[in-house]
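There is one chain below, alone, in structure tokens, taken in the form predicted alone.
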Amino acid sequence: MTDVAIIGFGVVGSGAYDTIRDGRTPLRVKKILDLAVRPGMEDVMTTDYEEILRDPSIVTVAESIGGLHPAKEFVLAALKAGKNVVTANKLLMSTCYRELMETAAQNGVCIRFTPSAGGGIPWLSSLRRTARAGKINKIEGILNGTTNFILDKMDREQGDFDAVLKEAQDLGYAEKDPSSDIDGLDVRYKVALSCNVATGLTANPDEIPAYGIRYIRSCDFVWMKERGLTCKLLGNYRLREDGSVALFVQPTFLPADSLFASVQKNFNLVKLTGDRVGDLAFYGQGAGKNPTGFALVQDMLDLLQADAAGEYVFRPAQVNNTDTCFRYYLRTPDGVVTVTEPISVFAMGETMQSMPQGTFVAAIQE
């Protein structure tokens, strides 16, 4: 058996623990770090991280506390102690990608983050395998289950945004503060990580324009339905001929009979286009206790089998959105609708700076 440790015993950490406890893998949870030791788990739980760092039998640490701090400090300490790390933390990985990957390489260990984009969907692992022997030209996908639940509900039931958001919160799909989801930030982190894996470069999330669904209203769905369209929040990556990349997140109006339009509730669907393999699509639940915890365990098993993360160039990705063009739908807070001529993602960013707060913008996919 191989000993591992879990940091954080919330939804994801407990999901990983339950998967390992089933006894179907050669893994054993030696320690779980949490704020308090739960009754009946005194033998395995601790509140002292040093216990994990000092234990030479623990070869892999699973970080599942989320956020930047203290997750970053815990992960760096584990890597410097010569322990592999697996994590589902998209904010940490997209923000500190180069530092963490370099620290792992310097200490002869690996850090893997498959669940950080796609949750239980084998998205990043499949993307990495495809990129080893081919070029990834395009990525497009629904990468946030919360926003897909909201958009799907509003589309099918003509629901009010605030009411549907509250339902998503009541069901546990959305956080009490839903900003990261509805403002497109969650998808921005996942697009950055997807770019990193696809190219070996390092994308800065702050350079990726992201429009969310905070201002979408039922009147926008009326406009769409009259034209046979629906709305999805899509993350995008395009490899340009000069080696730079187009990266952006935006609500997108697309035909109601399209593949993305068929994705309901809190499910995800992401596609890649490779120069060798053509189009591949990955569908499933992008979050949740069992899917994400299971993906963490899969990363642990990959490390056991020496399926390392691969070599990375550590050059910054050059983001260039100047020649990726769409017609855009703009609806101001007072209800005025404008449909633009085809303009670039970059130009739309410039346009939005002069639009009143509360304006909803969506690309029209034709």
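Each residue number is its position in the shown sequence, starting from 1. Predicted, not measured: the structure shown is a model, and the values here were computed from it.
Unshown form predicted in complex with a small molecule; subsequent notes refer to it.
Stretch 180-188 is the contacting one of 106-114, 180-188, 132-140, 216-224, since its residues have non-hydrogen atoms within 4.5 Å of the small molecule in the predicted bound form. Of the residues Tyr97, Tyr173, Phe260, Phe282, just one reaches the small molecule in the predicted bound form with a heavy atom at 4.5 Å or closer; this is Tyr173.
Only one of Ala287, Val164, Met101, Leu229 lies close to the small molecule in the predicted bound form, with a heavy atom inside 4.5 Å, and it is Ala287. In the predicted bound form, Ser194 stays away from the small molecule, with no heavy atom inside 4.5 Å. In the predicted bound form, the small molecule sits within 4.5 Å of a heavy atom belonging to Gly145.
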